[in-house]
Each structure stands twice: as C-alpha cells, then as structure tokens.
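The chain that follows stands alone, in the form predicted alone, written as structure tokens.
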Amino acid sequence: MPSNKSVSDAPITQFINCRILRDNELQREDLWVREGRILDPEKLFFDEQGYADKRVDCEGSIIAPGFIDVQINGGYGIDFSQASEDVSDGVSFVAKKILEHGVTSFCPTLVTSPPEVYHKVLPQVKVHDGGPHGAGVLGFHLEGPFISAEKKGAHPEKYLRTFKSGGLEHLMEVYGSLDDVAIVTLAPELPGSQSVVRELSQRGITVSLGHSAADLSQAEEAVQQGASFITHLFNAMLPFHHRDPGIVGLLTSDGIPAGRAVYYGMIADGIHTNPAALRIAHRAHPSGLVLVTDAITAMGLPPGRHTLGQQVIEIQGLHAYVAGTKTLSGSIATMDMCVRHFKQASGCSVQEALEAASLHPAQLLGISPKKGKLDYGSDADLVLLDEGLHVKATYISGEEVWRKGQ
C-alpha cells in the first residue's frame, strides 16, 4: 500500500525482525526510515496514516548506529599523510572499503609531518556526507606535530614542533588552515599550549591530549581550557603512577569542570592495550570510552613493509612496528574487530561495545543525536550485525551501501 503523501512524497522503508540499539538497550521493534532519517512510527500511523513502501527483513539482526572512527591513518595501501596529487582519491578509496567494517563516518588522521604535507593534503579533502561512494568525512584529525619528543612513539622526531610565542599563529603557519579539521592532538605540557587549547576549543575543534609526558595537573589545566579527548589512552604517555597518575588520571579526576565530559580513545586490537588495562579504564569511566582503530596503510594488506607518513613500517602478524624496531606504529585492526575484542576482553555488554564505536565518538565531536543514535530524527546511518557482532550490512541515510556476500 503506498505511503500517505500528505507530508512527503519520499518512500518509507520499514526494517522488520530486528533488535534496535536505543537508550542503552536492544529493543525488539521495527525501524522506520524516510529521507535518510529515522521516523517516529506513531506520528506516521496516527498523523499521516502512512505505510511502508519497502520492507527489509533483518532476519534477527542487531541494528546499531553506524560506527564512527575518529583516528584512522589510512588502509589498503593508502597513507593519508603522503602528500600526493590525489589525496582525495585515496581518502575516498578507504572510505569505500571501511563500509564493510560498519564504519559510516570517520576522521582521516595525519601523523606528524612537515608543513608542506599539511599545506598539500588538507585543502584536498572537505567534510562531506557518506553514501554509496563511501563513509562520510567528519573532518581531519591532526595528530602532531605539537607533541612531546619523549613520547613521540612512531612520530618522526625531526618534524616535531613546539609553540613559538605566537601560539595559534604558529600552529596556523604549520597547518596552513583549520578548515575541515575536527580534532587536534597535542601535548599540554608544551609551553604556550594552554592558550592554543583554549582558542582551538573556541573554534569548535576538539582538542585531544596525547603523545605527552604531562602530569595530572597539566592535563587538568588543558581540560579546563577546553580539551575533551585523550588520544589512545595508555599509549605514548606517562605510565599510571599512584602519586601522579598523569593523563590517565583524568578518567577519575575531580578537576573536570561541572557539566563537562572527558572521552578517551582505546585501540582494542589485543596488542596496544593489555586486556586488564582495558578493563581498568572501562570500569573507571565507561561512558567516556571511544574505540578507535588507529589503522595504518597496512590494514587490509599482507605482511611486509609499508609507509606511514615519513616512516617505514613493518607488519609482523598482527603487529605493526617502525621498521627495524619494536616501536608499535598504529594498528591493522578494523573497527568491527575492535568492537568484538573490546566486548570479549572487558566483559562489557553488547550495548556498551556498540556505543563505544558509535554514541561516544558522536558525543565527543558534538554531533549526537544526529549521528551515533537511533532516535527519531537521527540520521539513518545503520550497521546490521549478527549475534557475534560480525557486520552483515551497512546503511547510510537509510540506503544500503554494503552487504556481506554482494
């Protein structure tokens, strides 16, 4: 029966035989979508006397909001930190491939690079919605170069920067522009960093603390200035110490301003973080945990040597090292793998595992409930999963963009 046309001519899709992740519960009910958004069925039935034009039998699947990856350096042979003429093609290629992992939006991430790389790469990629062409781009995540030499991890030391007296002015010289930038990771102990944190936050850019030897008071000061994220918790920061827990202490700090939340990224690939550390973080601050892949060029590629920014990376099994060392350099995990590993390692509920890849990153970026939720009016970015949390299909704006076996 055709839908009622009093409100819109657009077709209505009804997802049946599913469990929807809503309000931290898996609810057995149908999901209704029109014009890329989730509909309130009561309004549809009673106000419009509307009906579905198309039904999708989900065969008992879980429907969760599409996954959001706020830290991904590349994949499938593409390195976002390589200044080529066709960076946007590379980003588009990865955007298409990660649909099969349930990712519907992401932040292409650039590691520490010389200024000419930022000047070449940043203008080539704009924030845009996802669709059949691939996952949507929410803006760049610039990880470095304003980080600690002591905690540089796989970042090349020769390109690291400190803030000169200009602060934000110096940052702008290095990056060239902050258009289409969503997140900046910096070390809050660098002289002049606190004013930069404040100014970036005022511009609506998420400031993340990472690759840093900051103590807890320096980290708290940065949060008071507007920082709201921690880049890959436990990795490339001072280890937790009972007298000064460092950045890790933000998870239970009483120095966070009222009404403000601190989120933290976790690479739940079974390599970057011991399961016991993952459990400690989750139990200390469950609502702040954001799963990130931190995936590099070699995600989806065979073992061997690949590039990440200005470095050569060696893949051995599931480990990615700076070539010739045992320094970990990003991961080759996919987001759906991280969701499954996080659930298994932490003992958390299915709902918590899915929200760590959807709701929490959306809240971090200030784009919830448009993204990261299945509320009425939210974008119909969906991932259909089986009981084992393997992806069966991915939808963006209510349109199927990937299905297993097709």
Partner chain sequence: MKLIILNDYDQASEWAAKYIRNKILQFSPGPNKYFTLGLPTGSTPLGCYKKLIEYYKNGDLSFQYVKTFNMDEYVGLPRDHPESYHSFMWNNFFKHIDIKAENTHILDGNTADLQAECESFEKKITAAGGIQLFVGGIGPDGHIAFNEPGSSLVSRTRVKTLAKDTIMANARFFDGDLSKVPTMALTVGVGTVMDAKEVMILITGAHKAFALYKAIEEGVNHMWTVSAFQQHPQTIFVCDEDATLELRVKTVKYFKGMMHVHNKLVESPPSEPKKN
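Residue numbers count along the first chain shown, from 1. Everything numeric in this text was worked out from a predicted model, so none of it was measured.
Another form, the form predicted together with the partner chain, is not on view; read the next lines as being about it.
Participant: Looking at D47, D57, E35, D53 here, can you tell me which has any non-hydrogen atom within 4.5 angstroms of the partner chain in the model of the complex?
Facilitator: The residue from D47, D57, E35, D53 that makes the contact is D47.
Participant: Using a 4.5 Å heavy atom cut-off, which stretch among 360-368, 62-70, 345-353, 38-46 contacts the partner chain in the model of the complex?
Facilitator: So the stretch in question is 38-46.
Participant: Are there residues in 355-381 with a heavy atom within 4.5 Å of the partner chain in the model of the complex, and which are they, in order?
Facilitator: Not one residue comes within 4.5 Å of the partner.
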